[in-house]
Ligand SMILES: Cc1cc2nc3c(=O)[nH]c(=O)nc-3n(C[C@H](O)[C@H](O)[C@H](O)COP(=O)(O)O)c2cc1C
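The chain that follows stands alone, in the form predicted alone, written as structure tokens.
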Amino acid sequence: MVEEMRVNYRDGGRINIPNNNMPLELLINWIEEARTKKLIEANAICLSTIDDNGNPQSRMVLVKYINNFEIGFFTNLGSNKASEINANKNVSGVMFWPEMERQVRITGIASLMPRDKVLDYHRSRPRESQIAAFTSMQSRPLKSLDHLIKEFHDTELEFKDKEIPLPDHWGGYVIKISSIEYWSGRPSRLHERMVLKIQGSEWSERRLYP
């Protein structure tokens, strides 16, 4: 069954790197294009970390901060991903927009996001999301969904008509990119791949076979 599943790629567009020393400039443009096309979760990235046993662990998170050299996301600081990053700061990620026939792979070093940036983002979130972040002990065992809903409502009552404080257990990470690969689908599987890697203070550019 699965061996019969095929997609005939049309053309994701030629890859043009405007400036090697601004490696995420094209990624910023691609995310914005995906957003304007109203693609679902246009800023989603599959983030991979390494656990205590040396096994890779992957999950989807949302990129909520980006500049020409870094991307950032928010999470519970007691979660498995946070524990794994604290033990091994080497991470990788993949962003994929099938409707646009484009993919981006990144590797880099993760570090805690400054607390003031976390607070600014916390205050910008919908109130329900703030309550959920305050309530959830992410990745910990849960008795039942009903128990979680009760805790959510208890927190909601506790802070009724009050500002939801930034929980100590909630924060973010910034990934400083060390390499990024841009992929664009093309007919006959002649896909285009371009890799940028940091070497000293300069970024190199290399084309790869598909």
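Note that residue numbering begins at 1 and tracks the sequence as displayed. These numbers were taken from a predicted model, which means no experiment stands behind them.
Only in words, not in the display: the form predicted together with this ligand, which the text now covers.
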**Report entry** Location of this ligand contact in the model of the complex, chosen stretch of 137-145, 175-183, 26-34, 161-169 [non-hydrogen atom, 4.5 Å]
**Finding:** 137-145
Report summary line: In this chain shown alone, the residue from 103, 92, 130, 75 with a heavy atom within 4.5 Å of this ligand in the model of the complex is 75
**Report entry** Of 51, 70, 41, 156, the one that lies within 4.5 Å of this ligand in the model of the complex (heavy atoms)
**Finding:** 41
Requested in this report: Classify residue 61 as contacting or not contacting this ligand in the model of the complex by the rule of any non-hydrogen atom within 4.5 angstroms, answering yes or no.
Outcome: yes
Query - Proximity of residue 86 to this ligand in the model of the complex, heavy atoms at 4.5 Å - result: no
Requested in this report: Look up in the model of the complex whether residue 111 has a non-hydrogen atom within 4.5 angstroms of this ligand, and give yes or no.
Outcome: no
Query raised in the report: Does this ligand come within 4.5 Å of any heavy atom of residue 80 in the model of the complex?
Result: yes
**Report entry** Stretch 102-129 - residues with a heavy atom within 4.5 Å of this ligand in the model of the complex
**Finding:** none
